[in-house]
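The chain below stands alone and is given as structure tokens, in the form predicted alone.
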Amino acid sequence: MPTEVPVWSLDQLKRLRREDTRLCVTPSCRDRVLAELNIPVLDGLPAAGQTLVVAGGGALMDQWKVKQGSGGFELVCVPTIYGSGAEVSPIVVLNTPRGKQIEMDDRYMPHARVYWPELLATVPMSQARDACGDVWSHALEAFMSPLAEDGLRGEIAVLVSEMLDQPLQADSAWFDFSARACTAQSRCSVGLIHGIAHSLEHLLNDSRQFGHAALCAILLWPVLRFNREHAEKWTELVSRFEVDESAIEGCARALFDPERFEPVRRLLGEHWKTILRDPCTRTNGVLVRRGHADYFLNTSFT
């Protein structure tokens, strides 16, 4: 089980020694962060023994998690949006010309994490809603994972019940849900949602419309329905762990956008072999076969 990353308060972050600390911040909230923190902006690589504060999304945090592994500095992550859970995970997902590269190592665990809910105001509402889909995909794919034990599934069932009470909109409660869902999937695996997203994301040019979180939100309902219709495992698990199946499916349908799904559907058919080879697809809760592409190509999910 991964070591839990300590949670620091914003006051603890502000008390860091200026001479020992550097800051890397995403442009969308740069002005807000610089106005609050008396920390110099990073110029080059942090020196060994320094602390690097990274305020941004999962991709930015993952880049520095890898460098932390060999750089000798301590990393403090400040997620500006929930979804990836990168601030609590030993997993990194890196963008390469051939798609996503996934690595897992305890060296990639951040030294600490800080939640700064006010930074959510810098995130578009549509992006915050898609990020809810990212959290849901982590939770449900971990719940169905063939590598999950029943003790872990019980923890996820509690999490899912709490998530069902939270609207699909920007709210600081999703930071906790995100961290717990990511920790859960790091203890087992994810599945076909991530297999498709990792295989197709680099092929979709409009990253704002088709970033990772958006793809998770779009794919949640089609993959959930596929799993339900191709094996009894989903229905058996939700019954055994007493989670509300109809409410979960209603949430997945609410996140689904048929217009955004169509370009994904076209690529899905063209690249199904690549999707089948993705490590995440191989640990889907239901075995995915070559002929299953037809299900996604021909089913109406509206």
Partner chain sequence: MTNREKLSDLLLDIFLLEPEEFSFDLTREDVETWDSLAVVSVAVGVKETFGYHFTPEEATGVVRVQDIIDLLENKGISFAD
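Just so it is clear, the structure is predicted and the values come from calculations on it, not from any experiment. Positions refer to the first chain, counted from 1.
The next section is about a form of this same protein that is not shown, the form predicted together with the partner chain.
Note on the interface: of 146 to 154, 217 to 225, 133 to 141, 194 to 202, the segment with non-hydrogen atoms within 4.5 angstroms of the partner chain in the predicted bound form is 146 to 154.
For the candidate spot formed by 90, 94 and 107, no residue has a non-hydrogen atom within 4.5 angstroms of the partner chain in the predicted bound form. Of the heavy atoms in residue 17, none are within 4.5 Å of the partner chain in the predicted bound form. Contact check for residue 102: no non-hydrogen atom falls within 4.5 Å of the partner chain in the predicted bound form. Mapping the unseen interface onto this chain, residue 24 falls outside it, with no heavy atom inside 4.5 Å of the partner chain in the predicted bound form. Taking non-hydrogen atoms only, residue 293 never approaches the partner chain to within 4.5 angstroms in the predicted bound form. The partner is not shown here, but in the predicted bound form the stretch 263 to 289 reaches within 4.5 angstroms of the partner chain through a heavy atom at 276, 277, 279, 282, 283, 285, 286, 287, 289.
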